[in-house]
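One chain follows as structure tokens, the form predicted on its own.
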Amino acid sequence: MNFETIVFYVFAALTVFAALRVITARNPVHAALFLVLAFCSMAGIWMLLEAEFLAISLVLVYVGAVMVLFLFVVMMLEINLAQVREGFWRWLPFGAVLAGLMVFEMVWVLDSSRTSGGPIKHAADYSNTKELGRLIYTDYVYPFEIAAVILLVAMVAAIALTSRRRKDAKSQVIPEQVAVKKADRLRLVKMSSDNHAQQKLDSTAEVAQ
């Protein structure tokens, strides 16, 4: 077992551990932070596969931007954790079946004839960024466009959820504040003089003397 294989197993173990903690952590903020750890571990695995562009994109885009958005949404929505956990055991069999299906697909892909030979060694001047761009805009142009539309819908939904009007929150209305008049804020009230209060103060002063 060489050093590259050891590093791969370390990153793989970190990824599996972080993924499990994402779905088992009680605090949603902690779950988002474990997802960041999973992304960083996957970036390390992609670096081992000589996919430097994908690794850097994963760290910059997902860890640096998308996860920050997730944290803002989680903290601003004020999620009721008790209500979220109510359907956990009800959906657990469906999640287990879906996870098993994904594991079967990954094992089937890894055991196929196209991937059984290991990573292909390329020349020193090989650019995986150029090859990735060629594949995205030729063979996978329709899945790429569909993924872009899905991400756009998710972004609009996140903005709509965080911009909803809350009943318990007070916000400034600048046009109403600028258009206010003196009569709206000030009221003159005529009051009769209170001699009783003055007499009480005089008696208190005499007692003190």
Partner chain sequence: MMELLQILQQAGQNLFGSAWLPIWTLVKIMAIILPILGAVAYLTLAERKVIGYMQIRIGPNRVGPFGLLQPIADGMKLFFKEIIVPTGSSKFLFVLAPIMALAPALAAWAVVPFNDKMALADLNAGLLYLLAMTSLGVYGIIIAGWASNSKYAFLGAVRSAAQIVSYEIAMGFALVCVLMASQSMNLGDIVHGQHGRFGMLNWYLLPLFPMFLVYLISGVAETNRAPFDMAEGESEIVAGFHVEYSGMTFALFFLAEYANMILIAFLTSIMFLGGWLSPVPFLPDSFVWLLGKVSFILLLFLWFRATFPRYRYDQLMRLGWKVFIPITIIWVVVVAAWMQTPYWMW
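All figures in this text were calculated on a predicted structure; none of them were measured in a lab. Residue numbers count along the first chain shown, from 1. Between two forms, the rigid core is the largest collection of C-alphas that superpose within 1.5 Å.
From this point on, the text means the form predicted together with its partner chain, which you will not see here.
Engineer: Scan 135, 102, 75, 92 and let me know which has any heavy atom within 4.5 Å of its partner chain in the model of the complex.
Structural biologist: Only one listed residue qualifies here, and that residue is 75.
Engineer: Is residue 143 close to its partner chain in the model of the complex, meaning a heavy atom pair under 4.5 Å apart or at it?
Structural biologist: No, residue 143 sits far enough from its partner chain in the model of the complex that none of its heavy atoms falls within 4.5 Å.
Engineer: Decide whether residue 52 counts as a contact residue for its partner chain in the model of the complex under a heavy atom distance cut-off of 4.5 Å.
Structural biologist: Although its partner chain is absent here, residue 52 would touch it in the model of the complex, with heavy atoms inside 4.5 Å.
Engineer: With a cut-off of 4.5 Å between heavy atoms, is residue 183 one of the residues that contacts its partner chain in the model of the complex?
Structural biologist: So residue 183 does not count as contacting its partner chain.
Engineer: With the partner left out of view, is residue 30 within 4.5 angstroms of its partner chain in the model of the complex by any non-hydrogen atom?
Structural biologist: Residue 30 belongs to the contact set for its partner chain.
Engineer: Once the core is aligned, does residue 155 move its Cα by at least 2 Å between this form and the one not shown?
Structural biologist: After core superposition, the C-alpha of residue 155 moves 2 Å or more between this form and the one not shown.
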